[in-house]
Ligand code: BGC
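Below, in structure tokens: the form predicted alone, a single chain.
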Amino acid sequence: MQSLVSILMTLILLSGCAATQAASKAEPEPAQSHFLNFPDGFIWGTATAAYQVEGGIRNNWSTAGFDAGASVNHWQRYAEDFEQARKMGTSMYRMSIEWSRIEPEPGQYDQVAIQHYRDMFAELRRQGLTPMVTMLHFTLPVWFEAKGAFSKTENIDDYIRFVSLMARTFKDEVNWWNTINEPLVYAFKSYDEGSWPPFQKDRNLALRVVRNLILAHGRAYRVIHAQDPIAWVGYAHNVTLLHPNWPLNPVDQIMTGVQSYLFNQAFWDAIVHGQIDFQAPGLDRLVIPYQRELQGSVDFIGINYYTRYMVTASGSTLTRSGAPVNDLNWEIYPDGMLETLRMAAPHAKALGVPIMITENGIADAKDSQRPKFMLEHLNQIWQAIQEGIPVHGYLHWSLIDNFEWIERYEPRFGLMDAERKWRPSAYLYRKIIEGNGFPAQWLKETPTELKREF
């Protein structure tokens, strides 16, 4: 395995190479008459998560003071919501199964909840929508949190028991699975930053959680395939681009390289090689000896992309001064989508798998930024496909406004509002799907001009 010094030097060199490649691969301005055609069979869809939309859930979030309450009542209104997704022209719907509903107490399974999810899958089929199901989307049963959740390696068995039951129960209804949503986000928000349950602030503990989530993913992948050998199994990986705050400052470069590797590439490397050995200055080593069940444990690379941050010499992250931002003060950086896909491409090639954009969207209550955001990010995906990067689908976050974690209901990510009223960008998305692409001219049009197109 590489030494830390070797890794740091490699990261600095790669950072310089990436900048050179980015300059050399700058895309020519498309002709106004040009049409950005996506490949035949390209998958268009939307995404949600159970706790954020269903309502009526008791879990580690609700008991920690972040109760979603009734949310947007998707649990009761799912048929209506699926119909709206079909009318938008989408063919895939990403959702999650709430572990807390299925197993409210260890080893006790709620058959009513299981049947309800079965009914949801049946309704998706009736609407012509393919489900992509996430097993773990940040929330946990209260009993699992109480026993230490993923901070303890032995607790992985509880998660695998749940995964096995779901794969066995729904193998005829579900063919696309995500084992875990954004494992690095969960680990560091919950155990390093301490802003999410269980509100702990111990960076080495966060690294231990990362290690256990990697192991849990590898085991879950094999368990699902034991039930359904032809299933598509992956996990949804959040890529937050990190650039040095002062690009010529070597310390900024080193801090950026270390953080970017850990947050954005370490999990992928672990899957490619079946092992990992990484240490950042002042922290415990992140070590997993070779695990056969971990190596090659994805059938697609799932990417959630939203924004980028600038990294300072101290390791803190900043939103670039003067950058356009969304309602959460996240920088709107469409070029980062292409950069992210170029980062993922070598891993996809090594594994021989396609890439799915499992989330991409914007908090924009007025819907004034979303149309341009959508077009500019899709343009970057189209450019990646022209380079031969195997992107097979795009799932927009989110179908409907939802409970956005510690920000509660303030951010508005939905193509529809909570009353199921379509925002203008929903009509634009439908138009894009109908054409399996869009004219390059739309990238230059104002929001008012765009509305005339759809």
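For clarity, every value in this text was computed on a predicted model and none was experimentally measured. Sequential numbering from 1, following the sequence displayed.
In what follows, reference is made to the form predicted in complex with beta-D-glucopyranose (BGC), a form of this protein that is not presented.
Contact check for residue 265: no non-hydrogen atom falls within 4.5 Å of beta-D-glucopyranose (BGC) in the predicted bound form. Though the partner is left out of this view, residue 130 does not reach within 4.5 Å of beta-D-glucopyranose (BGC) in the predicted bound form, counting heavy atoms only. Contact between residue 139 and beta-D-glucopyranose (BGC) in the predicted bound form is not found at the 4.5 Å heavy atom cutoff.
Using a 4.5 angstroms limit between non-hydrogen atoms, residue 364 is distant from beta-D-glucopyranose (BGC) in the predicted bound form. Note on the interface: of 217-225, 202-210, 100-108, 303-311, the segment with non-hydrogen atoms within 4.5 angstroms of beta-D-glucopyranose (BGC) in the predicted bound form is 303-311.
When you look in the predicted bound form, the only residue of 151, 238, 91, 169 with a non-hydrogen atom within 4.5 Å of beta-D-glucopyranose (BGC) is 238. With the partner omitted from this view, the residue of 35, 405, 42, 422 that lies near beta-D-glucopyranose (BGC) in the predicted bound form is 405 [heavy atom within 4.5 Å].
Within 4.5 Å of beta-D-glucopyranose (BGC) in the predicted bound form, a heavy atom is found for all three of 182, 397 and 413.
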